Ligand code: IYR
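Form predicted on its own, single chain, as structure tokens, below.
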Amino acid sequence: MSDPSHLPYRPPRVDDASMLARGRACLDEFDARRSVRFFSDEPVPREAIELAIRAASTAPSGAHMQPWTFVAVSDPATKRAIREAAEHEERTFYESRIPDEWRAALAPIGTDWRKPYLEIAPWLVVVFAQTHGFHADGSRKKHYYVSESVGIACGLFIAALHRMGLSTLTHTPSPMHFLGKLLHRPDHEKATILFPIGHAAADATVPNLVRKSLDEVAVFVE
């Protein structure tokens, strides 16, 4: 007897040459992706954000709990409140909490506590990790591998935005508790990453960084 909880899965097969061609094209496309801190205020359709969130939600997750909430913000007043709160936390961090080693590591990137892009970018998306869920009767439901699951979803989110020609940045103000308060999220949701999203400004620049080579990031056991 077939198991009704499972469906047949027959992904399309391609020959090795096509497989490698697709892989090289994917690498070229993703290698062109960069984190952007200079945004245009040009509007971005809400549907683009919805599609990126839906793509992110195809990510695998522990026991298929999908322990994430994406909060998308375009309201100018809310974006201003987020910027003000983020800059308050970031200024304290940069001026009194950042370790010297971390400060040195950030020096080539040129970041500081000022975050004007949080108002300029047409969208801010805050990803919250759900520490647990709830059953229909209101009782607590355990979530598994929350950090790993949310991290994978965020990676797919970034990839989807890049495929659509949009730019973003993984902004993680420290600490991030203010985001839950400003966005009225329940206590079991913890802010993980704040993504400003939009088109790169016409005069945008990015740090001249070099990615690690394959030998530095991979080990093959054959």
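Quantities reported herein were computed from a predicted structural model and do not represent experimental measurements. Quick note: we count residues from 1 along the sequence shown, nothing fancier.
Omitted from view is the form predicted in complex with this ligand, to which the following refers.
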{"item": "Contact of residue 90 with this ligand in the predicted bound form (heavy atom, 4.5 Å)", "value": "yes"}
{"item": "Contact test in the predicted bound form: residue 173 vs this ligand, heavy atoms, 4.5 Å", "value": "yes"}
{"item": "Contact of residue 115 with this ligand in the predicted bound form (heavy atom, 4.5 Å)", "value": "yes"}
{"item": "In the predicted bound form, residue 106 touching this ligand (heavy atom, 4.5 Å)", "value": "yes"}
{"item": "Residue stretch of 64 to 72, 151 to 159, 44 to 52, 165 to 173 approaching this ligand in the predicted bound form, non-hydrogen atom distance within 4.5 Å", "value": "165 to 173"}
{"item": "Contact residue in the predicted bound form, chosen from 131, 78, 111, 147 - any heavy atom within 4.5 Å of this ligand", "value": "111"}
{"item": "Contacts with this ligand in the predicted bound form, stretch 196 to 222 (heavy atom within 4.5 Å)", "value": "none"}
